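Only one chain is shown below, in structure tokens, and it's the form predicted alone.
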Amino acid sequence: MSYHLFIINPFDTPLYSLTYLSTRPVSGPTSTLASQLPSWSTSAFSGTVAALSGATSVKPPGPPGTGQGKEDRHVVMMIANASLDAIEDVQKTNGSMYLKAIDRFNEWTVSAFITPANMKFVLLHEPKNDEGIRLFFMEVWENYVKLQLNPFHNYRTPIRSPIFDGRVRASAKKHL
């Protein structure tokens, strides 16, 4: 199970991203998109797609997070950016800060947390863990506020603080 967190400023610029692979057992039945597809669809046409795109070598499809890190990363980032419109639509009708399960893309569920300053915390996740995700967002928000209190940090610049990163990873380990 993997979780992908993005912190996006009001100008839709990503400031921070984190990929967390959880080792907790899944409480309910989950299935990935690859397991739902027939075996011929993932292997027989991989060479055709690569040839059409102009690639010179073909990698066999593997589990998420192994071997195809950069390609998977771009797809996850695209899903997070595509969900921004849905987040803004729900934000207009719902006054709460935590917006749970606002969008779905294949096996990914998109949850969001919007701060009063219109910063968007977007989390892509596979299993349903509403209470854990809410607590995770609250701790990330608390750490983000502490980061913003630093007079040398500008809210428009990417977050590169190792202390912030360590605290967010600890929170992910605790709640996700």
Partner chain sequence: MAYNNVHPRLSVFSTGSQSSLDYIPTAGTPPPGSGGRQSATPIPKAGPSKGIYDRPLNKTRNAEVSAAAYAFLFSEMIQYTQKRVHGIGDLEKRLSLLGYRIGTRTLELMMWRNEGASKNPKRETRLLPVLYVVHTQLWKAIFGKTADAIEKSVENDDEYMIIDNDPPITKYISIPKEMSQLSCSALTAGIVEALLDGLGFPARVTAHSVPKEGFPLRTTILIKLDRSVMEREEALK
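Everything quoted here is computed from the prediction, not taken from an experiment. Residue numbers count along the first chain shown, from 1.
There is another form of this protein, the form predicted together with the partner chain, and it is not shown here; the text below is about that form.
At a distance threshold of 4.5 angstroms between non-hydrogen atoms, Ser161 is in contact with the partner chain in the predicted complex.
The closest non-hydrogen atom of Thr115 lies within 4.5 Å of the partner chain in the predicted complex. Although the partner is absent from this view, Gln91 contacts the partner chain in the predicted complex, with a non-hydrogen atom inside 4.5 angstroms. Heavy atoms of Lys128 never reach within 4.5 Å of the partner chain in the predicted complex, leaving it off the interface. Taking a 4.5 Å heavy atom cutoff to the partner chain in the predicted complex, the contact residue among Leu84, Met97, Met77, Ile102 is Met97. Annotation for 127-149: interface residues with the partner chain in the predicted complex are Glu131, Arg134, Met138, Trp141, Glu142, Asn143, Tyr144, Val145, Lys146, Leu147, Gln148, Leu149 [heavy atom within 4.5 Å].
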